[in-house]
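Shown below, as structure tokens, is a lone chain in the form predicted on its own; questions about how it binds or moves come after it.
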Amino acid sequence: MTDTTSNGTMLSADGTPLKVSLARALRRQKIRALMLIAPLLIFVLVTFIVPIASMLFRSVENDIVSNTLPETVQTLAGWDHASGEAPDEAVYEAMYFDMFKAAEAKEHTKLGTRLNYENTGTSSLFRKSGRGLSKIGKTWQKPIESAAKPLKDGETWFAMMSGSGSNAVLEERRVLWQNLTGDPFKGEVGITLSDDMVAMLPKTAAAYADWAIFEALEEEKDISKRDPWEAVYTALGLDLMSQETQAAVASYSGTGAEELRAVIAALDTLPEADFKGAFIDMEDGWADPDVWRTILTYSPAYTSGYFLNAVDMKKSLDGFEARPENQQIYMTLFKRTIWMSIIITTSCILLGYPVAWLLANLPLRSANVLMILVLLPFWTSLLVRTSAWKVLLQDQGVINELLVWLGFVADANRLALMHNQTGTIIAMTHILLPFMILPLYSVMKTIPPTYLRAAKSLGATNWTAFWRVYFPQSVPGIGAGSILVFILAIGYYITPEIVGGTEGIFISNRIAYHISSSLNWGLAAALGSILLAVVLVLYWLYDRIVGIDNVKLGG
């Protein structure tokens, strides 16, 4: 029941303006509908949208270099990459401490694998060098322990480095560990670093903090009784070589002062700080400027390198450039994938249209039998169907044997139907043909047969009646089937992998390879992103030329 006020406003039964009451009811209806679809929406978001977005993000993500070699990247920024020479000693020193940490956490091989995508051989360089870092540290540890025997004991180290302070260094190093490994590294380390030691021995404090965090939180050991890493001794030796540090130690009277003075007194027994020579002695590759250029090029947290690789180019410090001609494969694969998908779609139209016409015009009983034959492949595994084509198409297969037996082909000139584009087109046309027939059939079934009879009664021939009356009405089915087949074809990888060989594989085969074998997920994500963009552009062109509104599945 409604009422009207003196000013003409209509009211609902409870006295609320009718417009407000209707808006409130509509809002409640929308909320109720949203609540009904919320579980499905959340499921799709969590299991489909988020994983795809996360995977596509890998195409630009590149923080592994800066997270694994933070101090090296910072020091390397001042290197003149155009000089044609390797960096100076400071870069190799930073590399030593960064690599030592990464090797202890077994993260250095991941970085080597990442850089190996850009510079072949880098993976083995990092892997082999990770095993030799402790030897560099021992050349410092032994003379230091000989000069100050108490420093052989982890308890002496703990007492010397402990004290009162803000623990800012410890927290800074904890963040670096989190970036390196992805672990939270939460919890109590069990030490407060002395501010005096941090100021006097900055490199030693940083190295000791790295060791303490990893030992206490990752290895779950009591650091008060554990001997530190060799890198801590190296840092101590470097600190004590500074005249400023020597002056500070001379006036220092805290715990460890006697041991530090003993090491200073024996500085001539310590090795010369030559990290560059030590790295090159381990592996000659560390003298190659290209290795350092690769590290510097891919040091930013985000990179366009994966996308450049996906279009047969590579990133450099001076911009980007084309890859050597013998390495340009991806653009060829993209072109082949699109072209062969178009051929397969066209083949499905030519083969599927007559079958769909028969299904739509045969008596019901005959049409049902034919429909069962069309649907039969769906009840067979895709792998089985593809393997069956392999048996049929190979050189000694059924088709070639039959042609030789009939005398159409000489035994020495058997047809090459496998491991090439021909085999891929034949097998994929057979596999995708039902996806063309079904949309065509659903549209043709809605075309009244009386239209053809009317056209013939007006003097049209069978061909004219078909071409001018029947075919235009079936075009929406062709459009629907073409989109379906093309989208499926462009993303197929099982069938091309089995029957395509090197000449018949698609870009999707390389994407699958990088995901499952080479583990270059960034390049796989870039290739997938480009393929997605190509499909969307082709879909847009189809909509502009044909019109997506003209596509239907019947009805």
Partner chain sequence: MKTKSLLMTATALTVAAGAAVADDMTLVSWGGAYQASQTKAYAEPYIANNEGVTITWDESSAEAVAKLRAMNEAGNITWDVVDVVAADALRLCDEGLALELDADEQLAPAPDGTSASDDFGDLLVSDCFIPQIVYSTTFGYRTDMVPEGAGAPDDICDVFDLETYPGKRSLEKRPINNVEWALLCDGVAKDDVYDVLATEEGQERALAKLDTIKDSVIWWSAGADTPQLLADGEVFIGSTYNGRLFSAIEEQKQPIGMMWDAQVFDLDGWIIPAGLSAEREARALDFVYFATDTQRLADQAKYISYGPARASSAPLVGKHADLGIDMAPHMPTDPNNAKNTFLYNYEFWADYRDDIDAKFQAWLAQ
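In this text the structure is predicted, and so the values were computed from the model without any measurement. Residue numbers count along the first chain shown, from 1.
Only in words, not in the display: the form predicted together with the partner chain, which the text now covers.
- With the partner removed from view, the residue among Ile490, Ile530, Ile515, Val60 that has a non-hydrogen atom within 4.5 Å of the partner chain in the model of the complex turns out to be Ile515.
- Interface residue among Arg127, Arg385, Lys138, Lys221, judged by heavy atoms within 4.5 Å of the partner chain in the model of the complex: Arg127.
- The stretch in contact with the partner chain in the model of the complex, judged by heavy atoms within 4.5 Å, is 505-513, chosen from 22-30, 482-490, 505-513, 39-47.
- Taken together, the three residues Ser164, Arg293 and Ser299 all stay farther than 4.5 Å from the partner chain in the model of the complex, as judged by their closest heavy atom.
- Although the partner is absent from this view, Thr269 stays clear of the partner chain in the model of the complex, with no non-hydrogen atom inside 4.5 angstroms.
- In the model of the complex, Phe158 stays away from the partner chain, with no heavy atom inside 4.5 Å.
- Residue contact check for Ala199: none of its heavy atoms lie within 4.5 Å of the partner chain in the model of the complex.
- Although the partner is absent here, Gly397 lies within 4.5 Å of the partner chain in the model of the complex, judged by heavy atoms.
- Contacts to the partner chain in the model of the complex (heavy atom within 4.5 Å) from stretch 103-119: Lys106, Thr109, Lys110, Thr113, Asn116, Tyr117.
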